[in-house]
Ligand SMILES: Cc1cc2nc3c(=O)[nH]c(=O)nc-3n(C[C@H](O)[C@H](O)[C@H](O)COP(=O)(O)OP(=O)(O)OC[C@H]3O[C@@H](n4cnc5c(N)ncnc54)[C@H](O)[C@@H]3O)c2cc1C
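Given as C-alpha cells, the chain that follows is alone and in the form predicted alone.
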C-alpha cells in the first residue's frame, strides 16, 4: 500500500477499538487491523462492566442496548465467605449512577468494531494478520506488514504503530518491550463456562455472586444475556495444577466440592466449553518507544479479581488517544506525547494494581482459620463504613491507597466486636 496513515492500531477489540474512536473523533487518519473476522468468536473473557466503565462508553456515544443487548441490569455484588457469612455490596449506589452488567464479549466486540464505521478517517481491516513491523533507517517503527488469508504480504506505512493486541502482543514482542514491573507470587488460574437454568442466589433481582470457600478457591456467578450465567472458578495456580485431569474436569470438581456453589448448578445445564487462563500474569510493560506504544493488555496485565479489565482497556485507550492529539497537530513530538501518556496511565493504574495484589494475598493466598473468618473477617466486611470504602475503590471513586487506614480498621473491628456482644446486633442474620 502506498497510502500512509497517521496511526496503525494492531488489535480491534476493546482497547484498540476505543483508541480508534478517540483518534477518529480527533480526525487522525487511522488504520485498525485485527486477525479475527467480525463478528468473531469471542475472546477468552467474561467481564463485568462496572458503572465507571460504562461512563467511558457514554463518552463515545455507545449505548448498553447496543453493546450488551438483553443483559440483565445488576445493582449489587454478593460476597459469600464459606458457611460463615455473606455481605452485599451495592456497587451502583457507591458509583452514584446507573446499574452495571456482565458483557458477552462477542456482542461487545462486534459492537465496538462496527461502530468505527462512523469515522471517515478510520479504516478497518479484519481478517488481517500482522507478521512484523516496518522500520526506517534509524530503527524507528514506521508501519506494519501482514496479509489477509490467501493474499500476498502487504506493507502499511504509518507515522506510529499501537499494539492493542492483548496479552501475547505481537507488537510488544517485535519491539522487545521490557517488563518493568511484575508480580509472580500471587498468580491464579481462572476457568469459566456458560450455564442455563442456574438457580437464583435468592429471591428478587439477579445479583452477581462471589463465593469464596476460604481455601484458595472461589466461584463467581455472573448473570448475562440470553438467560445464561457465566460461572467462573478461580484458585491459586499451584492448587489448580496439583489437581489431576483436564481443566474442564478440575473446573467441574471444584464446583461440586463446594455446596454453596453447586446448589445453584445441580439442575442447570452447561452450554459452552470450559475456557480460561492459567497463571494470569500481573505486569507492566514499557508503554512506548520510537514510533510505537502499547495499550490495554499489551501494556498492563492484572488479575481479574478486581473486575477492572475492561475499564483498564478503555481508560488507557482514552489516555493514549488524547495524548496523541497534540502530536498530530505538531505541537509535540512522539516521544513527548507518549511519555505523557505513560506517566498519566501509570499514575492512574499502579495504585489499583498494587491494591489488587494485596487483595489476592488476603483473599486467595491467605487461608484464615474458621475463628478468624467468623470474627475479624466478618466484622470488617459487614461494617458499613468499610463496605462503603471498599465499594468506592471498586468503582474508582476512591483512591486504593487511601482505603485502609488505622482509624478505619480500629473502628470497624470495635463496632464488629460490639455487635457480636450486645443483642440484638449479634443475634440475627449474618448478612451484611
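Numbering follows the first chain given and starts at 1. None of these values were measured; they are calculated from a predicted model.
If you look for the form predicted in complex with the ligand, you will not find it shown, but the lines that follow are about it.
Undergrad: Heavy atoms within 4.5 Å of the ligand in the predicted complex: does residue 36 have any?
TA: Yes.
Undergrad: Within a 4.5 Å heavy atom cut-off, is residue 400 in contact with the ligand in the predicted complex?
TA: Answer no; every heavy atom of residue 400 is more than 4.5 Å from the ligand in the predicted complex.
Undergrad: Is there a non-hydrogen atom of residue 164 within 4.5 angstroms of a non-hydrogen atom of the ligand in the predicted complex?
TA: It does: once the ligand is placed as it appears in the predicted complex, residue 164 has a heavy atom within 4.5 Å of it.
Undergrad: Is there any non-hydrogen atom of residue 311 lying within 4.5 Å of the ligand in the predicted complex?
TA: Because a heavy atom of residue 311 falls inside 4.5 Å of the ligand in the predicted complex, the answer is yes.
Undergrad: Okay, which stretch from 339-347, 242-250, 114-122, 276-284 lines the ligand in the predicted complex, with non-hydrogen atoms inside 4.5 Å?
TA: Partner-contacting stretch among the options: 276-284.
Undergrad: Which one, 404, 44, 55, 372, lies within 4.5 Å of the ligand in the predicted complex by heavy atoms?
TA: So the residue touching the ligand in the predicted complex, by this definition, is 44.
Undergrad: Any chance 106, 206 and 262 all have a heavy atom within 4.5 Å of the ligand in the predicted complex?
TA: Contact check failed for every one of 106, 206 and 262.
Undergrad: At a 4.5 angstroms cut-off on non-hydrogen atoms, which residues of 107-130 are near the ligand in the predicted complex? List them in order.
TA: 128, 129, 130, in sequence order.
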